[in-house]
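Here we start with a single chain on its own, the form predicted alone, put down as structure tokens.
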């Protein structure tokens, strides 16, 4: 554990003791994620390729056996929120507390005897930036409770339960990628995940060793997955699968895409959604092949192609995201695309190390000229998944 991580763990533990009057039983961390390629494919049983960020949600937690759940966040003003585990009801809470409370609900609904907890949380994952701040919050609580109550659950199982918490308790129809990335990623690797059976392969992804960098550009445009547009896209994908007679769009072979689009007739909205998902799954497989063959720079055009598909077919981009991609590529980036659910959030930029200052300056100047809020730019380094830190 790095010195900064150790200091963060100590700070969270100290604040826990101030709040609750005793030291926590432990401290855990779970990261946000960047998705390299594979957007809006996870709820279509498709392929994704995220990696974990060094930015984490950190939780100091102690077990309780009296049915009381007490929650506090360093990132939200207000007192400790006290709930009862028996009183947790899906979609009854519209505050930040729905995420950790939803995890407790999901664990108990699955038959695990979680009898309460004291929790203090702090996060460095930018909220609303498409970097899975909510998944990090869910996974860190799930991991802490797994350890404290001796549940014996593996990372992918914690991810499934965290996803259920967000789907049912919070009411946001997210797929499985974000929680699995937070729970299962390894440092120095991207995670090639089949979201149908949750089979995983850790793909080495060490850009620094090859003289490259991956930048995250947070546009500062906020979004919410629980709002209607995300759900509409998911419903449209399900409609497309039903019209094509398959369980999920993942089952439409790339080689048969044109024929499938003909079968969909004149429903242009569904045709666009289907085309994006099928081609995006294919792009993920191409990126995996290129990385495994050592041809990392060749993934750049696939990132650009993926952004065009998200912009034109899935229609989840926005002017700020498009400006990042267009400006970065014009300034010499190897590739760029929006990442995350869309409607704001962040873009990623793959670049030669020497070109990073020029690209960063170009993006910042483009935002200033357009009258947009100054973007936040930082390097994304593939980092470790959820773990106990104290």
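If you're wondering where the values come from, they're calculated on a predicted model, not measured in any experiment. Positions refer to the first chain, counted from 1.
There is another form of the same protein, the form predicted in complex with a small molecule; it is not shown, and what comes next is about it.
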So which of 193, 303, 121, 143 reaches within 4.5 angstroms of the small molecule in the predicted complex, heavy atom to heavy atom?
121
Checked 129, 185, 274, 159 for heavy atoms within 4.5 Å of the small molecule in the predicted complex; positive is 129
Residue 267 within 4.5 Å of the small molecule in the predicted complex, heavy atoms
no
Is residue 205 one of the residues lying within 4.5 Å of the small molecule in the predicted complex, judged by heavy atom distances?
no
Though only this chain appears here, would residue 99 touch the small molecule in the predicted complex if you measure heavy atom gaps against 4.5 Å?
yes
The small molecule contact in the predicted complex: residue 75, any heavy atom under 4.5 Å:
yes
Picking from 129-137, 291-299, 85-93, 147-155, which part of the chain touches the small molecule in the predicted complex when contact means heavy atoms within 4.5 Å?
129-137
